[in-house]
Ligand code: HEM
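Take a look at this one chain, the form predicted on its own, written out in structure tokens.
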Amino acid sequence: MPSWIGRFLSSSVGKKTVMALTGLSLVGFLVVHLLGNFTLYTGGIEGFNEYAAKLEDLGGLLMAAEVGLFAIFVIHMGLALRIARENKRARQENYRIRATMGNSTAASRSMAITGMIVGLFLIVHIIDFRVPTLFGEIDNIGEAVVARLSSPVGATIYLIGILALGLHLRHAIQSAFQSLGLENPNWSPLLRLGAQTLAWALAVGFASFPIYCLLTTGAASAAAN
């Protein structure tokens, strides 16, 4: 590795740049994942199963993509923890912390907490669906998803994770643009609005699935009785 790359990656600017790029890559994955999940609405369980089957047909490409996403997530989390630790170490006096509170928001102050919740939520999601699929324990992924999200406990866990995701993204996307030097007085308000809109659009989109499953299953149970 050329020395200038090593110096850049070890610098504060370099770490924040890589964290921004990995974060935006994960946001891109969330957009694609959400669009794929919408097949549950457009095609029902059958349509969702067809979508899942097409992904599985990718074979090694799917596995490579999953490994790549996992690596990006680990890098992003590792850098976030390292930067947070360095920032805490750099604040020598309490008044400096209080002085910055005026420009902060609930989303920015809770980034560490929401990030950990999202990480735990991801683990639960993988254990719920991906691991059983890999070991052949799930024959009908669409039915498994609906069954999990129809459970009040399952729906609550997912809604908490999605709320944390929305709060995290609300600040993270805007912060990523700033780290990449894309903010400008002329279009900064538009970027902030776009970042917040995308964050909450993703959160509302993903939250719609447990709500939909709860309502439709409840209605079906009532009709059956």
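In this text the structure is predicted, and so the values were computed from the model without any measurement. Numbering starts at 1 and follows the sequence shown.
What follows is about the form predicted in complex with this ligand, which we do not show.
Problem - 4.5 Å heavy atom contact, residue 210 and this ligand in the predicted complex - result: Result no; residue 210 lies far from this ligand in the predicted complex.
Exercise for the section: Flag residue 71 as yes or no: does it have a non-hydrogen atom within 4.5 angstroms of any non-hydrogen atom of this ligand in the predicted complex? Expected result: Contact with this ligand, no.
Practice task
Decide whether residue 27 counts as a contact residue for this ligand in the predicted complex under a heavy atom distance cut-off of 4.5 Å.
Solution key: Contact check for residue 27: yes, within 4.5 Å of this ligand in the predicted complex.
Exercise for the section: Verify the contact flag for residue 81: yes if a non-hydrogen atom of it lies within 4.5 Å of a non-hydrogen atom of this ligand in the predicted complex, no if not. Expected result: Contact check for residue 81: yes, within 4.5 Å of this ligand in the predicted complex.
Problem - this ligand: the contacting residue among 147, 126, 138, 77 in the predicted complex [heavy atom, 4.5 Å] - result: After the contact test, the surviving option is 77.
Practice task
Could you spot which one of 199, 176, 40, 162 gets a heavy atom to within 4.5 Å of this ligand in the predicted complex?
Solution key: Exactly one listed residue reaches within 4.5 Å, namely 176.
Handout entry: Among 57-65, 166-174, 44-52, 190-198, the region lying within 4.5 Å of this ligand in the predicted complex by heavy atom distance
Key = After filtering at 4.5 Å, what remains is 166-174.
Problem - Residues from 108-136 in contact with this ligand (non-hydrogen atom within 4.5 Å) in the predicted complex - result: Sequence-ordered list: 111, 112, 115, 116, 118, 119.
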